[in-house]
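Consider the single chain below, provided in structure tokens and representing the form predicted on its own.
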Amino acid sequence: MKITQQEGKRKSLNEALITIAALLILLALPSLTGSQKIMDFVIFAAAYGVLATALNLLIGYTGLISFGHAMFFASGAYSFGALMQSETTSVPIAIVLTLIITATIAAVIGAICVRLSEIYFAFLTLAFQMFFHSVLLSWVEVTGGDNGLLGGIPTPVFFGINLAQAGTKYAFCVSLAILSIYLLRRIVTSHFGYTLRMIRDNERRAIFLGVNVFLTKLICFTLSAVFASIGGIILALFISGAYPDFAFWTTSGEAIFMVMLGGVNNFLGPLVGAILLTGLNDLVVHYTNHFGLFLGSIILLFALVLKKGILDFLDPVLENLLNKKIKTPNDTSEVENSDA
């Protein structure tokens, strides 16, 4: 037991160091490359990476496939944008209020949705998303309707931080994304995260063991929505606006594809999927307008050849290589794998 606790502390320390290293690398990227295009790509991928990683809290760790997570992405963008346009709140307070608004919406919708499972859960989340999208289109005086939030999103200086400067905005968005992904990692490696796995693998056993499955699913649903809204905040800051497409079903579809592309059983899989999909999008549109054709081809490749996401495919290969180099009597590889 003592060895396991030490191993856990060492692992937590390693994850914290890796997170800090990743943040430092991303912060140094503008100075190293001097490219505004790369900075824009990183922010865009970070926004969708947070959305996909948050969605995988439901898909990969709880076994609930949501087709409506874009509504929380849009909730973050619109709530933050509207609060900032009111010019009555600072950026930090607007972010906190946005998370509270999204958490409230998610708790109400989740209390209805998590009572169902499988395809019924998926369709119900899709229905709520389309309802939310319709509200955005029809509530013109607040949301701007088809045109979205016009006039830009003001970002007054707070604590000496001026988000009107491109470099500062980049650093702020990247830091927010890295912090979100680190917190999501802490969630999935906590006791709560292992309870989610238990519910995913055998819900009846979890009930027999005294787990309040409904409440656990509802908390997971709400947490996932809150982090998805952070992705929306990042994108709203980046483009200085919010649009109804954020809440359309195609955005949810893209997020699910990012999860499936990167790997549903690996924590970093959705983030890798988001980087690959946004990168492919940027690359392909330079040569053709038929992005859907290439996307469909990639889906067929993964469905028919790999039959799993990229990191899900690479994990066994890397694990075999690692086991050949490091083999200890007290092998904890099974515990390690369950953390992924």
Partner chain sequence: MTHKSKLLDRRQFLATSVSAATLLASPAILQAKKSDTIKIGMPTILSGVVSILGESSRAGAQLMIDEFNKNGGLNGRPLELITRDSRAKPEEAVKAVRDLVNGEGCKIIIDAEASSGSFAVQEAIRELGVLCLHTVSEATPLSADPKLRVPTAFRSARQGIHDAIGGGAYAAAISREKGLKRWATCSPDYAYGRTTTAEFMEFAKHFNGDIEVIGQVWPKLFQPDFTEVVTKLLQLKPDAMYSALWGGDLVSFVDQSNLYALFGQMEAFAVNLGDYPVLTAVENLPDGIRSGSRYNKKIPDTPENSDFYDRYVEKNKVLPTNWSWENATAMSFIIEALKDVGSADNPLKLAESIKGRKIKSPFGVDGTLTMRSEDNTLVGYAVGYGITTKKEPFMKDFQTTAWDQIFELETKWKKRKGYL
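Every value quoted in this text rests on a predicted model; they were computed, and no experiment measured them. Numbering follows the first chain given and starts at 1.
Below, we refer to the form predicted in complex with the partner chain, which is not included among the displayed structures.
| field | Contact flag, F246 vs the partner chain in the predicted bound form, heavy atom cut 4.5 Å | value | Close contact exists here: in the predicted bound form, F246 approaches the partner chain to within 4.5 Å, heavy atoms only.
| request: Check whether P156 has any heavy atom within 4.5 Å of a heavy atom of the partner chain in the predicted bound form, and answer yes or no. | output: Flag for P156 set to no.
| Even though the partner chain is not shown here, does F44 get within 4.5 Å of it in the predicted bound form, heavy atoms only? | Yes, contact at 4.5 Å.
| said: How about A82 - does it come within 4.5 Å of the partner chain in the predicted bound form, if we only consider non-hydrogen atoms? | reply: Contact check for A82: no, nothing within 4.5 Å of the partner chain in the predicted bound form.
| request: Tell me, please, which stretch of 100-108, 139-147, 175-183, 201-209 lies within 4.5 angstroms of the partner chain in the predicted bound form when heavy atoms are compared? | output: Selected stretch: 139-147.
| task | State yes only if every one of S224, F302 and D312 has a non-hydrogen atom within 4.5 Å of the partner chain in the predicted bound form; otherwise state no. | result | Negative, none of the three is within 4.5 Å.
| Single option in M260, L124, I219, I239 placed near the partner chain in the predicted bound form, where near means a heavy atom within 4.5 Å | That would be I239.
| query | Quick one: which residues from 274-296 get a non-hydrogen atom within 4.5 Å of the partner chain in the predicted bound form? | reply | T278, N281, D282, V285, H286, N289, F291 sit within 4.5 Å of the partner.
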